[in-house]
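There is one chain below, alone, in structure tokens, taken in the form predicted alone.
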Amino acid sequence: MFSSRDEILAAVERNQPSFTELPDITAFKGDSNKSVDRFTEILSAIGGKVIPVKSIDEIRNHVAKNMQQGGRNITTVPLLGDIMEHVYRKDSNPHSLQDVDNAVIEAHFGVAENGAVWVTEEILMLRVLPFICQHLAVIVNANDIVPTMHEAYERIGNTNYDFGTFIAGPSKTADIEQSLVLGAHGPRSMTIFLMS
């Protein structure tokens, strides 16, 4: 004897739509030859800054000269651990980052069409770090800039991660009297060290 549930499930099974192939989205793919220039243009337009560098030593020199002395400077990049406080454990207390002035992290890749970078907990160590600091700097390899979000999603679609996010430019809002405010709910500035 069939129950109502069995009848409903049988009806659903009989009425399955036929499978269709996914659409061809090659028309949406961008020009990878212009990705770095487009990334720089878009990030600058949304309030970020791009600094081309060739080595970690150039980044070290820039950090030493330009980051607030006396403030709390954090990095997840081991090669910068000699000049900044190094966060290297995922099980560190996120509340310990409440007073971070500057943070330097790495990104897996960037997206030219919107100036965003993709980061996961694997390289962040503490997911709150890029959102709680006053000023965020991110190291991205120029060869890892993809033209559009279509390529970005292709790149992350089959990877495993507990936490991942796209970050694009400093935090901002214009809700308060239609006046643009930077750092409303996150970093007041975002700098990309574009490694070539």
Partner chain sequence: MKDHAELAEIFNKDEQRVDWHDETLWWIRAKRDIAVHKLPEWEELREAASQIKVNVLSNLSQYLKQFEKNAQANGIVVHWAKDAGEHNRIVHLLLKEQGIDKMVKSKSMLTEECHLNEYLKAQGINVIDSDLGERIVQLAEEMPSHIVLPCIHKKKEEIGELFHQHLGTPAGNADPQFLTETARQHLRDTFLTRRAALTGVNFAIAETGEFVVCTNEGNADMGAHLSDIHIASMGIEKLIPERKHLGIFLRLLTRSATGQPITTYSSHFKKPREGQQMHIILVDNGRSVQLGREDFRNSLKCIRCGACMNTCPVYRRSGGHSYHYAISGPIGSILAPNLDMEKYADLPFASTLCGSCSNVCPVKIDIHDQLYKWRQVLVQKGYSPKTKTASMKAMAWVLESPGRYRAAGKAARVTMKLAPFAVNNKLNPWYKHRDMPAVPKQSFNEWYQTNRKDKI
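Worth saying up front: this structure is predicted, and the values here are computed from it rather than measured. Numbering follows the first chain given and starts at 1. Definition used throughout: the rigid core is the maximal C-alpha set that superposes within 1.5 Å between two forms.
There is another form of this protein, the form predicted together with the partner chain, and it is not shown here; the text below is about that form.
Residue-level question: is residue 33 within 4.5 Å of the partner chain in the predicted complex, judged on heavy atoms? No, residue 33 stays farther than 4.5 Å from the partner chain in the predicted complex.
Residue contact check: residue 167 to the partner chain in the predicted complex, 4.5 Å heavy atom: Answer yes; at least one heavy atom of residue 167 falls within 4.5 Å of the partner chain in the predicted complex.
Check residue 106 for me: does it contact the partner chain in the predicted complex (non-hydrogen atoms, 4.5 angstroms)? So residue 106 does not count as contacting the partner chain.
Are any of the heavy atoms in residue 44 no more than 4.5 Å from a heavy atom of the partner chain in the predicted complex? Although the partner chain is absent here, residue 44 would stay clear of it in the predicted complex, with no heavy atoms inside 4.5 Å.
Residue by residue through 13-35, tell me which have a non-hydrogen atom within 4.5 angstroms of the partner chain in the predicted complex. Read in sequence order, the residues that approach the partner chain (within 4.5 Å, in the predicted complex) are 13, 15, 16, 17, 18, 19, 20, 21, 22, 23, 25, 28.
Core fit, then residue 26 C-alpha moves 2 Å or more between this form and the one not shown: Yes, shifts by 2 Å or more.
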